[in-house]
Every structure is written in structure tokens, then in C-alpha cells.
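This document starts with one chain, in the form predicted alone, laid out as C-alpha cells.
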Amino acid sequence: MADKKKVYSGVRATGRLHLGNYLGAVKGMIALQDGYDCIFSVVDLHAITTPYDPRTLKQSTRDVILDFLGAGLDPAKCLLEVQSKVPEHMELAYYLSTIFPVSKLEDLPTYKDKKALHPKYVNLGLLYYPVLMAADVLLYKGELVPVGIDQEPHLEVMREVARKFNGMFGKTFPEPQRFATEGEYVPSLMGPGKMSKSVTGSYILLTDDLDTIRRRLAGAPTDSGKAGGDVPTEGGVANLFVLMSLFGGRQMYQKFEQDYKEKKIRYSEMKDTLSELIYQELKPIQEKRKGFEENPELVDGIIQEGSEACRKRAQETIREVKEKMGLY
């Protein structure tokens, strides 16, 4: 695969994936696995930088792998790893941390957001997060990273790290670029912000059945009595239209857009239609996932083989880095 562009992307081990993960990252992974040299990871080391339950971390990691497989990632076309099974991630992160200024990490908006969200859980790992993320990608000489637009600041850190290392020790790393997907920013069901499992009521899981999807969408706020004119660009109604554009196609979107303009939209109908459309996309994913869930030995083998193959590649990078830094 030396002639193929290298792709890396990781998803935090926070349990079952939601639509934001699927549209913002996993769909991009699936699109890339046929024509690129791809490694996709469950980044469990990142998950422990914010409050978590150690009793459920292992299952949360496995749930992400199952969602990967159910969504269509194919171990015959890409490598799947669990981050902590490849300790070279941490080793490279340390080497890179010796050349990157703390002040730039402190200024990152994601660090400030996490500090505000968990004021009693501000730890060195949280500050170090972008350096480890850079190491994740650079460890495999990643060139493309399928992530949402909100991750662009972290990608710029990766590029800065690569440039600085290359400048100090000679050309070693490419400067990773973001691979954009159609649903790179999936809004929260509850209004402002993106879909996130840290915000109650904001998400739909890939494993949700039709009744659960209906129930989640039923709680999405609307602006009853304010319809008419152009579709709003923010708020609960705007978010419903974004989801309709992602799952309903142009024709279905235009139907409800016209209803809105003519002040005859019925949000209950829109939510019910949207529930059906989302479930129809998720149903085959759920059926495929169930097949893997019922064959744990197969899943264990996929994780082990993928992580071992990744470790061999990682060791080559570490050897090169240590030589260039004068550690060999």
C-alpha cells in the first residue's frame, strides 16, 4: 500500500456511536477504505482525560468497534486498532511534546471548553490531548483525517508539530489534511451546538430502534406558530431541516421547506417522517452489528490482528524518530 495515501482517524471510547459520529467521521472512513491505506482507531487513552467509569471502559471501547463493523468498515480493507494496545502512541506523544509550546495548547478552544465543562477534572492529560492526537496520526504518517470541521484546530496543531519536527530533525512527517464529509457538523436535537453524548437529549444512537428515535425527535424544540418565510438558520427548527437534508434528500427537504414558507408545516409530521428516514438508514447497520456481536471470537480476532499490524508500522516510525532525535 506504499503508493496509496495514508488515512488515520480515531473515535473516543465513549460507548455506542451517535449520528454525529456516523455522519461526521465514520461515513468518511467508509468512503476512504477502498482507495486508501486506512487505519481507524478507538482512542481509549483520550477517553480517560474526562470523567469516566473504569468498570465500563472496556465495553465502551468494544461498542465502538462493533459500531464500526456494523456501519461498514471492513477489516479486509482497513486496519482497526484499539489505541492503548499500541503503546507507541504514547511514546511518540512524549517525543513530540518536547518540541511543542505549552502556551499554544492552553489557547486551544477545545481545551477551554473541556475545562469549563469539567472544572473539577482539569488534568495534564487534557492539556496534552492535542499532542497525543498529533502522535496518533503522525505515528502512521497519516495524510488525510476524516473528522468534522470542529477538529480543524487540532489538525493545525498536527501540522505545526510536523513542520517543527521536520525543521529540527529532517523531513519525517506529512502535514495532515482534513477529509470533509457531507454531515461533518450534525446539530444537537436540543438547539445550539453539535450532537454530543455529553448533552442529554441531543443525540440519536446508531443502535436506537424506531420508537426510541421517535421519542428523541419528539423532544426536539420547535417554534410553533412562527412558521412562514425562509427556513431559520439556527435553533431547533433549523436543526430539524439540517437532519432532513442529510436523510431525506432534496425532494423531501423541499416538501417541508414549502410547507414552512406557506405556514402549513406540521412538525409532528416532519418529525415522524424524519424518524422513519433515519431508522431506514440505521436498520441495516444494526442488523450487521448484531451479527458481529453474536460472534465475539471473530471480533476479538479483528481487534488483535489490527492492533498487531498497526504496532509493526508504529515501531518503524518510532525507530526513525529516535534515530533523528539522537536517541539511538
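In case it trips you up, residue 1 is the first one in the sequence shown, and so on. No experiment lies behind these values; they were computed from the predicted model shown.
We do not show the form predicted in complex with a small molecule, though everything after this point is about it.
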request  = Please name which of the stretches 136 to 144, 251 to 259, 196 to 204, 233 to 241 has residues with heavy atoms lying within 4.5 Å of the small molecule in the predicted bound form.
outcome  = 136 to 144
remark   = From Met29, Ile265, Val43, Ile278: within 4.5 Å of the small molecule in the predicted bound form by heavy atoms is Val43
task = With the small molecule left out of view, choose which of Arg214, Arg178, His154, Lys85 has a non-hydrogen atom within 4.5 angstroms of it in the predicted bound form.
result = His154
inquiry  = Test of understanding: in the predicted bound form, would Gly20 fall inside 4.5 Å of the small molecule by heavy atoms?
reply    = no
query = Even though the small molecule is not shown here, does Tyr129 get within 4.5 Å of it in the predicted bound form, heavy atoms only?
reply = yes
Interface membership of Gly10, the small molecule in the predicted bound form, 4.5 Å heavy atom rule = yes
